Structure formats: structure tokens, C-alpha cells
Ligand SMILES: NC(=O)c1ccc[n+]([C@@H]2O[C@H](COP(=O)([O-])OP(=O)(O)OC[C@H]3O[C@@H](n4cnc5c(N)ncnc54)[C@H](O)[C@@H]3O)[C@@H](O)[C@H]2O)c1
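The data below hold one chain only, encoded as C-alpha cells and taken in the form predicted on its own.
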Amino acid sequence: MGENYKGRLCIATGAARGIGKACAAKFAEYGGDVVMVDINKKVLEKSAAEIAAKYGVKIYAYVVDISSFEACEQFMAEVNAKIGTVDVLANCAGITVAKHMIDLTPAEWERVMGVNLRSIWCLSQLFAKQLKATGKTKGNIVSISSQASKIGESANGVYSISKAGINSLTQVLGLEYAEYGISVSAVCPGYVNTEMVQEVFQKRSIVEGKTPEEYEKELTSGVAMGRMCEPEEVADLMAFLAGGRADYITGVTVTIAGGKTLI
């Protein structure tokens, strides 16, 4: 049974590629209109055109630096004024830095935290305020966390820490936003077959003194299912959590990691 997003307006960040694009496509497949957000204008517009052509719903592309609260405020105000009230917020944007913590710079820390964690607080607050202002009593927030939020990863420390913050933020927002009819959840994927993860294998293998092939094998060897996750599998889970049938699920993180050890 598929979800029904007809008549709902959805935002998906990090939507130019990977999980964000898959999530935007899934919302569109189920009939929702989608605001796709990314910093990469060229790739974003290409992905938006593909999804619009395939599913025939309204797709909007916005280039936004979501690490800036001011940029988020301006973006949400424009969406509300020109398109309407947003019903679903899918926080999929994320970046990482392949460095050991001893070598990490303050600028790198701030950038990763800004994109991965602060942006979710910013957009979630703005999302809740616009729902409250219009008198709507139902909304859904679903965010991408990571298995790295539950088991720290070497040469991926600031990413792991930012994702652990998402888990805590999800719990708090689940408690606080319930009175507005908003369910809040997060998804913790394992190794997903995206360009970003392949780039991670390339960059972190150098830091760890291994070949990309050796490093990928080492990281994925503990996956019981014996393969990487596909972006569409994560998008399916996110669409369910935000699709109405799971509204009583709030303040929790759901792991989708193929049985990775210790998860």
C-alpha cells in the first residue's frame, strides 16, 4: 500500500542528488507537490526537471544555504507567500569532512554543524511557526541522521557528532511539537549507495592509509544483509513516517542499516 501525498506540500533539502533526490521523487510519486532545496543550482534544476516530467506534479527548485538562519527565514517566507503552507519537512542535506579530530579546524566544525544540525533546528522552527499561524493541526518532520550517530567513526568525528545531535533534537521536538499536531522522526541509514558515500570512501581511505576498495570492504563487512542500502529504500521509510499512517510515531530514530553490528 502506497502513501497518499495528494494535496500536500513537501520540502526536501539536499534534494539535488542522493537520498534527498530520492525522497523528493517519492513524495512526487505519491502525488505531493515538492519544494526541492540544495546549494548546487545546476544539479538541483536538472533533478527537479526530471522529477516533474516523470510524475506530473508541481516541483519547485530553490537554491538556499540552509546553514544560514537568515537564508532559511527568507526561503520559508517566500514559499509561504508564493506557494502555500508546507505540510511535510524532510531534512536530507548533509556534509562531512574526512579528518581526524586532532586535525579538524574550527571552520570545518562550524560548517558541518551548520549544514547537518543547525539547519534542522532552523527549518523545523520555521515549519512549526507557519503551521501554527495558519491554524493547521497536522504536519510531519523527518530528518536524515546516520548509523554514525550511534557508533562513532574514525576520521568522521564531526559528522558523527552532528548526527547524534539530530537524534537528541528529534526527541525534544517530538515532545514540544506534539501540541501543534506535528510528528517528528529521524532515520539512521547505514552505508547508502550514493555519490556522497563513494566520495567518503575515497577521501577517508587516504586518511586511514588504505585503498578505497580496502576501506569500503572494511566498513561494509559488518552489514548482515551483505550489501549497501539504496537511496530509494531510505526514501520509502521516510515517506511512510511522514505519510499519515505513522503520525503516532514521534520523537524517535529508526535505523535502516541492513543489520550492521551494534546498531
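Position 1 is the first residue in the sequence shown; the rest follow in order. What you see is a predicted model, and the numbers here were worked out from it, not measured in a lab.
Keep in mind the form predicted together with the ligand is missing from the figure; the text below concerns it.
Residue-level contacts in the predicted bound form: of R111, K132, H100, K138, one residue has a heavy atom within 4.5 Å of the ligand, and it is R111.
In summary, among the residues L173, L117, V88, C92, the only one with a non-hydrogen atom within 4.5 Å of the ligand in the predicted bound form is C92. Only one listed stretch (28-36, 209-217, 190-198, 48-56) carries heavy atoms within 4.5 Å of the ligand in the predicted bound form, and that stretch is 190-198.
Mapping the unseen interface onto this chain, C23 falls outside it, with no heavy atom inside 4.5 Å of the ligand in the predicted bound form. The closest non-hydrogen atom of Q202 lies beyond 4.5 Å of the ligand in the predicted bound form. The ligand is not drawn, but in the predicted bound form it has no heavy atom within 4.5 Å of F127.
Interface residue remark: V223 is not counted as part of the site for the ligand in the predicted bound form, having no heavy atom within 4.5 Å.
Residues R111, V115, I144, S145, S146 of 110-146 are found to place at least one heavy atom within 4.5 Å of the ligand in the predicted bound form.
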